[in-house]
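In structure tokens, the next block holds one chain alone, the form predicted on its own.
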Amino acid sequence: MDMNRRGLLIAFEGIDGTGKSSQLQMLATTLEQLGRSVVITREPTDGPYGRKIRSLFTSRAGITPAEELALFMADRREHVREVIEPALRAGRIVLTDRYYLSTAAYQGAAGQDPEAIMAANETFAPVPDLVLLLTLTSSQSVHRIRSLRGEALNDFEQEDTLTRVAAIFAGLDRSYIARVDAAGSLLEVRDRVEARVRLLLAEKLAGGDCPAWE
């Protein structure tokens, strides 16, 4: 991987219902107001592999865990090649709603080896500068999905699955992971997220790579 890139890669991770998408949008707005060029993206993508993955949300029957993992890996390779790497080379801040930690956690909950998944991804996917891992209990998550979003649970959102996923997320140990309590109001969580990003930008500023927050 090119460790001298000028851009930054920030991934939002966590079980479903933690508010990743909302927090990502608010952070993007803040960064853009500071004059930064931001790319917002997500996984699964809207590409051919991503669309196949999304079709699994209603039913994961008929596909093996290995086949499912292969789809996620193929989608990410395309995502890195077509979106993430070009944006980083252009000096932009990439905010992605899910990245390879999600694959490790969700596929790990399906019986795969999370650390092996992490290692396989790190052979081709840029290591993020920061992972904002939003934390919430699986019962709180299910409540948000059902009551606040008014949605039925898909095959990846069953409470027993989310409990296993949360446990794997809790066990991942990487220097770039910042755990953020997702309980509380949108603005309370936003402040926690921005505090972590301020630290990242201050660190990069010290190295001459990134402008100040204000």
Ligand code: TYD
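From 1 onward, residues are counted along the sequence shown. If you're wondering where the values come from, they're calculated on a predicted model, not measured in any experiment.
Note that the form predicted in complex with the ligand isn't included here; everything after this is about it.
- In the predicted bound form, the ligand sits within 4.5 Å of a heavy atom belonging to R54.
- The ligand is not drawn, but in the predicted bound form it has no heavy atom within 4.5 Å of R164.
- By the criterion of a heavy atom within 4.5 Å, E159 is excluded from the residues contacting the ligand in the predicted bound form.
- Interface membership of R179, defined by any non-hydrogen atom within 4.5 Å of the ligand in the predicted bound form, is ruled out.
- The candidate spot formed by R42, R98 and S102 lies fully in contact with the ligand in the predicted bound form, as each residue has a heavy atom within 4.5 Å of it.
- Counting a residue when any of its non-hydrogen atoms is within 4.5 Å of the ligand in the predicted bound form, the hits in 12-32 run D16, K20.
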